[in-house]
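Only one chain comes next, encoded as structure tokens, the form predicted alone.
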């Protein structure tokens, strides 16, 4: 399984998104991580379909959509209908808010998009383990979802390690994605724990040289 870096666009300079994408396009990130927050599931409201339309015109990097919303069972099918033929590689929803994981998974996968299941810092990894047959990606939040720039929660690193151990013991090849507080100085701890996909926001966008930062991260996780 190839490990790679994803850039969380929530931390970008939204007054200069075109320039941000020009710089991202020169890096070796594999996904742009696109957070959709509704102000209910998390105490923040972020980008939506209008922003996604603009972003899709500015980059050829595949998009990874992370829905932090109260009603993914309703919202996600609408997005899938509008963007199924676009550059969407993965859609992740939270186990804490999804009412019918099996049904939503079928809708997403039928459109040749991988389906991820996310858990908050206080949610057990068993919520992922109990739904493995419906998912293509396991997303372990390493901060409380809602805002960029938070410090990583150390106990979440141990959750990644426990999930990796379970996957290895049971010969499960589903990638583990980690999201929240990931920077050059701590990414090695998540690599050691067994993560595969590393979502970094301020860890990339708050640096002076995206290419160098991503290359250094990539060297560590590979």
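Residue numbers count along the first chain shown, from 1. As the structure is a computational prediction, the values presented were derived from the model and not from experiment.
If you look for the form predicted together with a small molecule, you will not find it shown, but the lines that follow are about it.
Next on the checklist: Looking at heavy atoms inside 4.5 Å, which stretch does the small molecule contact in the model of the complex, given the options 189-197, 24-32, 157-165, 61-69?
Outcome noted: Of the stretches listed, the one contacting the partner is 61-69.
Next on the checklist: Suppose contact means a heavy atom within 4.5 Å; in the model of the complex, does that hold for all of 3, 136 and 175 with the small molecule?
Outcome noted: Answer is no for this spot.
Next on the checklist: Is residue 10 part of the interface with the small molecule in the model of the complex - any heavy atom within 4.5 Å?
Outcome noted: Because a heavy atom of residue 10 falls inside 4.5 Å of the small molecule in the model of the complex, the answer is yes.
Checklist entry - So in the model of the complex, does residue 202 come within 4.5 Å of the small molecule, heavy atom to heavy atom? => result Because a heavy atom of residue 202 falls inside 4.5 Å of the small molecule in the model of the complex, the answer is yes.
Next on the checklist: in the model of the complex, is there a heavy atom of the small molecule that lies within 4.5 Å of any heavy atom of residue 150, even though the partner is absent here?
Outcome noted: Yes - in the model of the complex, heavy atoms of residue 150 and the small molecule come within 4.5 Å of each other.
Next on the checklist: Although the partner isn't part of this model, could you tell me whether residue 141 comes within 4.5 Å of the small molecule in the model of the complex, counting any heavy atom of the residue?
Outcome noted: It does: once the small molecule is placed as it appears in the model of the complex, residue 141 has a heavy atom within 4.5 Å of it.
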